[in-house]
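Form predicted on its own, single chain, as structure tokens, below.
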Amino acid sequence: MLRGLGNPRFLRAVLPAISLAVILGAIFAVNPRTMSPIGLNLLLQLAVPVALATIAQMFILAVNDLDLSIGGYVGLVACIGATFLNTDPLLGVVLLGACIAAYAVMGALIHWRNLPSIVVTLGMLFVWQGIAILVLPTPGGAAPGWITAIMGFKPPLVPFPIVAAVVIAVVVHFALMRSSYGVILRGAGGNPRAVARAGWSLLKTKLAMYALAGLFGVLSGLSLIGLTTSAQANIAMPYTLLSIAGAILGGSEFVGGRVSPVGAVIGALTLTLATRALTFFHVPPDWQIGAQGGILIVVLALRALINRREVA
């Protein structure tokens, strides 16, 4: 048992959970009233859309790419959801399907032309944002009732954000980490030559991963308007950095196809709680992003020490 606790691989796996527990403990110490289902529900109110956006980013990281457009994309989805999906559901569904298809095509273009994903996705950020402004020029719209009903669901004893986070983590973990096709998808980032030699198309795997990212981006945008009840073009711009930080905090790597769905969700919860904790500690909003970056740096430094120990 003690050997297992000292195992570098085990330490690396539990590091995201430890960071979450530390921040949660700090919040409880400062404000004990949050130590209740109602308090946790308020703390984690925005965790679900952040977790879904982080999973979307994780799919991109799994193929050794980086997505700088996810914030604009989620904002576009929110605008479509608060307008067309509310007034003309069929057209809204078609438009959301087109968004997912466009994401898949973006992945195919990156692979086919061997383009830097950072450059392409940065360009697409402005495309998503421009279309979002055309769809909803001014803040407004209204979330469909069924979305607000889902996001407002209150299960007994356990807050809904925790239930949703567990469901997201478990579903993606078994689909990506335990299925045979998930192994192939991750192999496209970890060892693409071996995947190609085995007869699998790297183009199709990248199409699939970008399509999955687009799907979870859609879920993120819809869940976001379910909480805010309205939308605007820039509503999810912080999600780009939050999704990258959450995925990396949760154990994902920039290269090698190493990702962790459970860790990504925990990373998203940690960053959501960190924002609340900084508010409790009266940290000015202008300093909160820097403080979140500091938390990420500390966790990455600890992970580097663990990796060095594993090599040694």
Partner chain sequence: MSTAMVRIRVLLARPWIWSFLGALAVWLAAELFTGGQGAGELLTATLSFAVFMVIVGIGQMFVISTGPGNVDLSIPATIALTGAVAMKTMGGADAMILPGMLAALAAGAFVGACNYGLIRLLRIPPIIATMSANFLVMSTAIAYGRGLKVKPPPLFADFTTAQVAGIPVLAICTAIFAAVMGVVLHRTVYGRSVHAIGQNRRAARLAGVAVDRTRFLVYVLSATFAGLCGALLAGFSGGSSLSAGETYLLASIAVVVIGGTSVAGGRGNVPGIWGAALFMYLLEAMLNTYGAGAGLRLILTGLIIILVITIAGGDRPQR
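Source: prediction; values computed, not measured. Positions refer to the first chain, counted from 1. For the two forms, the rigid core is made up of the largest set of C-alpha atoms that agree within 1.5 Å on superposition.
FYI, the form predicted in complex with its partner chain isn't displayed, but the following is about it.
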{"item": "Residue contact check: Asn114 to its partner chain in the predicted complex, 4.5 Å heavy atom", "value": "yes"}
{"item": "Any non-hydrogen atom of Phe153 within 4.5 angstroms of its partner chain in the predicted complex", "value": "no"}
{"item": "Leu109, heavy atom within 4.5 angstroms of its partner chain in the predicted complex", "value": "yes"}
{"item": "Ala301 within 4.5 Å of its partner chain in the predicted complex, heavy atoms", "value": "yes"}
{"item": "Listed residue that, although its partner chain is not shown, lies within 4.5 Å of it in the predicted complex (heavy atoms), from Ile133, Ala208, Ile184, Leu227", "value": "Ile133"}
{"item": "Sole residue of Val93, Val166, Ile118, Val158 within 4.5 Å of its partner chain in the predicted complex, by heavy atom", "value": "Ile118"}
{"item": "Proximity to its partner chain in the predicted complex (heavy atom, within 4.5 Å), stretch among 167-175, 142-150, 96-104, 118-126", "value": "118-126"}
{"item": "Its partner chain in the predicted complex reached by all of Gly25, Phe28 and Pro32, non-hydrogen atom within 4.5 Å", "value": "no"}
{"item": "In the predicted complex: members of 211-246 within 4.5 Å of its partner chain, any heavy atom", "value": "Leu241, Ile244, Ala245"}
{"item": "C-alpha of Ala17 moved at least 2 Å between this form and the one not shown on rigid core", "value": "no"}
{"item": "Per-residue C-alpha change between this form and the one not shown, Trp287, threshold 2 Å, rigid core fit", "value": "yes"}
